[in-house]
Ligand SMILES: Cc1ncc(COP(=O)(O)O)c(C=O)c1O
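Quick heads-up: it's one chain on its own, the form predicted on its own, in structure tokens.
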């Protein structure tokens, strides 16, 4: 029952005994404590112990419009009562799916007018690669299969999307299918070569990509996958003009450009889609999820250009079908949630809100740069990271046993703020509804948490200020 009393002891025991949770240390799973979240409103969540926490991660980069939106809850309820499921295959559709496809085509850049739905970001990226391969097979270019990706990129955790990702730590002990990935350097401006300007670094990245294309052969490379800002890598903002230039290089070599906007889409950077509006990528395909429904329902979308659609619509053999899709593609409840979510964004102009308050958020976090542990504060809109270092001049990292990200996150949580630790990074991607009061709170808590972590490291002899 929804309103039944919560027995946190029983829930924790059930979780510890039976859950197999992603990105968890399985060696200690079952021997620690479970964080049980039971309620949420606006930018805040409440745990089973009654602690009210500002959700600095917006769930998992996704609760863009904030929690407790009655409009979305009602849309889900009404659709569940009217039509909870509809077959998504052949010529069958449902009203929310058709309306959402039209809306996404309106919001997407260029001639991206065709939508394939799936259950989330990983499957949206799987779909993108499968469609690209299908497209070049139609053109008789069946050697054109290899992919350009970047080191430290994250595109998902299914077998294929994980193979497209460049994060070695996420692949330890797991096999990856051979999808012909060629890994380019991450556009990590803070860690660029010494004595190199940002402009020179951008030139180096472009030269590297050009060399890879020449070595592998453009006739063998199908597409370039890129997040406009690399999220899991640590909110890596690329050099100015990098994405426009590398996209043009790809297009000049008939290499399709796929913008992974699973994190950056739907207002997080102040635009519904940032890949073209901000970074001028001119993508052939955009993938999205997370903010598409603000996490109220699981839904991913792969938005494809007219050029690709017009090619693949002709069967390669008599009677051949487009044999790609999922049982829960075009799920009416999920699509209804997405429509209600987008309606809120439009009515309240949340992208405009982010353009205003995102700058204030950046300014507040940048003031933390006076702390000795803080090497760089970077990001855009409501998507930022704080990189901690042992030495600001050399940018040397703290030893792994310092667990600096975890320390900061632990202190912040005690002060009422959820921060995502990623190694030596503290990542923030809050709901897009934050105002000055919440931004000031985040700055104050982080300053205290980083300072407390620094004091601990000094006392333990791990670091000397």
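Residue numbers count along the first chain shown, from 1. As the structure is a computational prediction, the values presented were derived from the model and not from experiment.
Although it is not shown, the form predicted together with the named molecule is what the next lines describe.
Proximity to the named molecule in the predicted complex, defined as a heavy atom within 4.5 Å, holds among 126, 227, 284, 271 only for 227. For the options 290, 331, 150, 384, the residue carrying a heavy atom within 4.5 angstroms of the named molecule in the predicted complex is 290. Heavy atoms within 4.5 Å of the named molecule in the predicted complex belong, among the stretches 335-343, 274-282, 254-262, 88-96, to residues of 254-262. At least one heavy atom of residue 120 is located within 4.5 Å of the named molecule in the predicted complex. Using a 4.5 angstroms limit between non-hydrogen atoms, residue 166 is distant from the named molecule in the predicted complex. The closest heavy atom approach of residue 154 to the named molecule in the predicted complex falls within 4.5 Å. Counting a residue when any of its non-hydrogen atoms is within 4.5 Å of the named molecule in the predicted complex, the one hit in 47-64 is 61.
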